[in-house]
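Single chain ahead, written as structure tokens, the form predicted alone.
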Amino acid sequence: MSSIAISLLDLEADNFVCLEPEDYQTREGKWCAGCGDFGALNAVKRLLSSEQLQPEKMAFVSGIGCSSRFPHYVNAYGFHGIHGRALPIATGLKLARPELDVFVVMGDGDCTSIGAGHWLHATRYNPNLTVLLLDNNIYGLTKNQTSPTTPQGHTSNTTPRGSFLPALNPLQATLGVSNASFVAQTADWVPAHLYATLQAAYEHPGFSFVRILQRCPKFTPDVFTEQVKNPDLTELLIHEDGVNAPGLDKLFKARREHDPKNLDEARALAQRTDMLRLGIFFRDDSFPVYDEIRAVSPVSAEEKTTRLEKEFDRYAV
């Protein structure tokens, strides 16, 4: 038994049960072999276990897409929403049930295309949500359609001659929104960094936006091939307030000391294309949190009924 479990047993009642990572998965994930969604799920399960989050005290909200199957596989409350609408659902949930830890899982098309308006305004509102953008640069569930993050020139069923437009950069877009409080990037092929980034995101009080780079084994298997083969093409952003995953020093030689509170430098680094950068680009824990400034006192079922009846009486004829 882990030291975490032993210490918790000392504090809790005799019937306390320590939840291991596998206790947080309800069924086998139905993704293609080699899909980065598996890595994201494993990192999330590890986080939930390390924090000993209770299933009845958290919720996972998603939109539509391969990544949005997440709520079906996690032992927690789940809401599989409609395309692009995960963030308003999650924000409403957090307002109604502020005691819950709420996680949001979206794909690149789900978040940055049909859900783009919700994405930008949720960033501005800064609700206390842990938001995961699983970005494989393609619409996978609907079988190979160009998404906003698809690289220019990449061929798909909707752009057989190659994508015409430059890819949208979710980091730049999020960092450009006023009140953005946590913006990070990690990758499915660096599991230690992925886990450490999710842990930092969960601990942040506010809207934690984490872009997880990954490959679709069916439609974009080569999109990050060079970076996977050659770690020298990746630079880690390190800082005492950033992500410092153990065991990566020898693998990734390129390391940059970056203060996550430096918004101007964060924007400049997000814009550069000379290297792939992983880490926390920006973080400020002092920003007001939407569900705290909009908090309302609990209302009993009887009071809700009275208010509804009073409102209905206004329209009686």
Partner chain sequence: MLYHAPISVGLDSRRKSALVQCPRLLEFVAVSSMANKETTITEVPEHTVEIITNSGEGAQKCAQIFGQTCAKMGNGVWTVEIIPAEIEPPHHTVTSTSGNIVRFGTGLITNWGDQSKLAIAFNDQVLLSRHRLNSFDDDCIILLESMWENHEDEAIRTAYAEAMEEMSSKNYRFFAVPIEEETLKVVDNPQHGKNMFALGLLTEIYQRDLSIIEKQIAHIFRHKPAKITEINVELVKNGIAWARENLGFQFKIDSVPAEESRVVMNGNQASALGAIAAGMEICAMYPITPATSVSHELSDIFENYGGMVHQAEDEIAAAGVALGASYGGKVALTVTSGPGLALKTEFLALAIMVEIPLVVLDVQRGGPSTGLPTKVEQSDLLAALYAQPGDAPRVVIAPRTIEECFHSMITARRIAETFRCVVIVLTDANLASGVQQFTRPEFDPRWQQDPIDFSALPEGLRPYDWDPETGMSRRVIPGTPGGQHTVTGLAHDEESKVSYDPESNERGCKMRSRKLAVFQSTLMPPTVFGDEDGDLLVVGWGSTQGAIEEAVERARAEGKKVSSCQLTFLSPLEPGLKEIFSRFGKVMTVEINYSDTVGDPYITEETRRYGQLAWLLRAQTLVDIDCWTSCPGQPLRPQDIYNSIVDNLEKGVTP
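Numbering follows the first chain given and starts at 1. It should be emphasised that the depicted structure is a prediction, and the values quoted were computed from it without experimental measurement. Just so we're on the same page, rigid core means the largest C-alpha set that superposes within 1.5 Å between forms.
Not on display, but discussed next: the form predicted in complex with the partner chain.
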Using heavy atoms and a 4.5 Å cut-off, decide whether His154, Lys229 and Asp284 all contact the partner chain in the predicted complex.
no
So if I measure heavy atom distances to the partner chain in the predicted complex, which of the stretches 33 to 41, 258 to 266, 273 to 281, 287 to 295 falls within 4.5 Å?
287 to 295
Looking at Gly242, Pro148, Gly78, Pro170, which has any heavy atom no more than 4.5 Å from the partner chain in the predicted complex?
Gly78
Leu95: touches the partner chain in the predicted complex, heavy atom cutoff 4.5 angstroms:
yes
In the predicted complex, Leu237 touching the partner chain (heavy atom, 4.5 Å)
no
Could you confirm whether Leu100 comes within 4.5 Å of the partner chain in the predicted complex, counting heavy atoms only?
yes
So in the predicted complex, is the partner chain close enough to Lys250 to count as touching (4.5 Å, heavy atoms)?
no
Of 44 to 79, which residues get within 4.5 Å of the partner chain in the predicted complex if you count heavy atoms?
Pro55, Glu56, Lys57, Arg69, Pro71, His72, Asn75, Ala76, Tyr77, Gly78, Phe79
Rigid core superposition, Ile293 Cα moves 2 angstroms or more between this form and the one not shown
no
Rigid-core frame, C-alpha of Gln25, shift of 2 angstroms or more between this form and the one not shown
no
